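Take a look at this single chain in structure tokens; it is the form predicted on its own.
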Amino acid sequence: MTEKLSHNEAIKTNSRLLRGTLAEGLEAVATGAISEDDQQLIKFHGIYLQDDRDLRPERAKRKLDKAYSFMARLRVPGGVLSSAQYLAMDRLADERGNNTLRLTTRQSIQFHGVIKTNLRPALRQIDSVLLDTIAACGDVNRNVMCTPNEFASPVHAQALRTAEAISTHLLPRSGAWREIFINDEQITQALEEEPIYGATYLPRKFKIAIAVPPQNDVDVFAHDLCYIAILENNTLVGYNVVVGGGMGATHGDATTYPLVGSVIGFCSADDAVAVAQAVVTTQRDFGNRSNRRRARLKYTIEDRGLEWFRNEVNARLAKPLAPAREYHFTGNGDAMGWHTSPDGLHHLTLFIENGRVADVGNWRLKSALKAIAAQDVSFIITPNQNIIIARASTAAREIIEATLASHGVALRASALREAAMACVALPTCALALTESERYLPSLVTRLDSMLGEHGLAEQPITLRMTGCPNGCARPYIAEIGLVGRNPGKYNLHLGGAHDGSRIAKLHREDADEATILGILAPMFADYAKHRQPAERFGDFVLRHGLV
């Protein structure tokens, strides 16, 4: 008996390759929203309909519509922006958004607070500097992540070229984005073909990342498909291929769970794009299109087996995958502060708490970065929501340091704060069950104090928080992961690996702040007294049976 397809499959089938009635919906002035079906389609164009949940009660009391706005997300393979592009995005945030830029955990920028009448002008500003939002969301391959910094070495630059090639190859061929948001008209009456995706695209979202050891800053085990660069004599010879990672889950549904990916082989650098197509089309053909909760690649592999999946991918390749090669990761954080590359240029990895670029009181980060963009530098968004100011000359380095200091922006933060990440959650995310970005900074302050009492202030511990179980900040592989369960309460996960290769264990459900602090305080004390040399917190709590 054939299972009934999910409603999203019908939406895609009837969408005329992602057009739907989006153009008409954007013209409707009676509401700031669009139809429910179009809310699904617009995701394929990198856009979500949201509303300010802080305002819901008051607006409902006054019988007003929700305070609708859109979130638009850039497609930026590897997170690299020129100064001109960064300045254009800064201006867009002021003119069309909420005066802030939100750096994401996928090396992109999100703009929140874009009202319907500003949406087309906003996307035209993005298009004017050769950027777009195509496929930044939806049931397609999303923004391809890559270890920064491309200017650090030829190997890093080659890895970025691979990321860009994969992103371009897997882009939807539909011209709907340009017709609806840029040109206001359909260029041709004939619909395009989607040679890779087909008319119904993928069963669910798909995520790809590339890492250059020893840093696993992209968290290669947390995504559908990942590549680990293999170096010989400082030359990139190819990639180990990792499949089947994924962070999303659903509270109360035991058939959903986070998983880390598995290495299935090695490919040459020249074959990386072909491998991506083989993996994506296998998921296209065999992924679950009836139950969206079980539609990610990780479940396709769980249901059919890793060996079956490897064989299916190999059957689609001209050159089958070779045996995997040795690699070693030392961590998944960013190397903060200044670094100088062999060409004499300087690169600053600057801490940005939870990726929010804003001016808040004397801490005027947004204004500082805008001033710095006047220099001939590049901006690289990291997978940990920080930013690299790259390619600075010695003279520019001095100007950058002076600019940051005059704007009240410190180069560094505490070890725990630098290793912490949070998703946006409230007030804009429709899925959020509780706070994340707005709450984590205060929790870090309390945890920092506890760590300091035990002489652990400089000990980096990965801490990640999300407002729901979807896992956008990748909490399930953190040494301390907090996943929103109810207002003010979180599931506490402990014991993830410092290099992102191990799922943390669920230690306590529905924990409020007092419970979280009460659990961690004695663990920090034990860790300070009994840890082995260089032992990380996640390894310690497992070795001591604390979880």
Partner chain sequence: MTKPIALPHTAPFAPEQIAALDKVIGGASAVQRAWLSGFLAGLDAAEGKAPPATAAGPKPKLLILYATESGNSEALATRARQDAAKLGFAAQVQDMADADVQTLKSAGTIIAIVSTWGDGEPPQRAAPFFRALMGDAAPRLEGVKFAVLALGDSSYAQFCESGRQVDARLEALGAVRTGPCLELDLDYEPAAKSWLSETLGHLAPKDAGSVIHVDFQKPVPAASKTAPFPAEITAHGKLTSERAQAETYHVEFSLAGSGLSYEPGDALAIMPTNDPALVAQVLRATGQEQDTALAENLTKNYDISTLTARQMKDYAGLTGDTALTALAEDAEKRTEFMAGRQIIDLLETFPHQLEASNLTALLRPLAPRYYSIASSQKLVGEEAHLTIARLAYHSAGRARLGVASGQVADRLRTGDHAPVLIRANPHFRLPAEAQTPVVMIGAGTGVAPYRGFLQELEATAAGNDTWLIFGHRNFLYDFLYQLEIQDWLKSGVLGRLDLATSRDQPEKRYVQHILWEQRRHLRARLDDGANIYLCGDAKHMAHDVDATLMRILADGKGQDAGQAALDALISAGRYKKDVY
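Numbering follows the first chain given and starts at 1. These figures come from a predicted structure and were not determined experimentally.
Note that the form predicted together with the partner chain isn't included here; everything after this is about it.
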Within a 4.5 Å heavy atom cut-off, is A514 in contact with the partner chain in the predicted complex? no
Report whether the minimum heavy atom distance between R485 and the partner chain in the predicted complex is within 4.5 Å. yes
Contact test in the predicted complex: R53 vs the partner chain, heavy atoms, 4.5 Å: yes
Does at least one non-hydrogen atom of A457 fall within 4.5 angstroms of the partner chain in the predicted complex? no
Contacting member of R294, R75, R96, R120, with respect to the partner chain in the predicted complex [4.5 Å, heavy atom]: R96
Quick check on this chain: which one of L520, L26, A67, I503 has a heavy atom within 4.5 Å of the partner chain in the predicted complex? A67
Stretch from 28-36, 495-503, 41-49, 474-482 whose residues place a heavy atom within 4.5 Å of the partner chain in the predicted complex: 28-36
Stretch 429-456: residues contacting the partner chain in the predicted complex, 4.5 Å heavy atom cut-off: L433
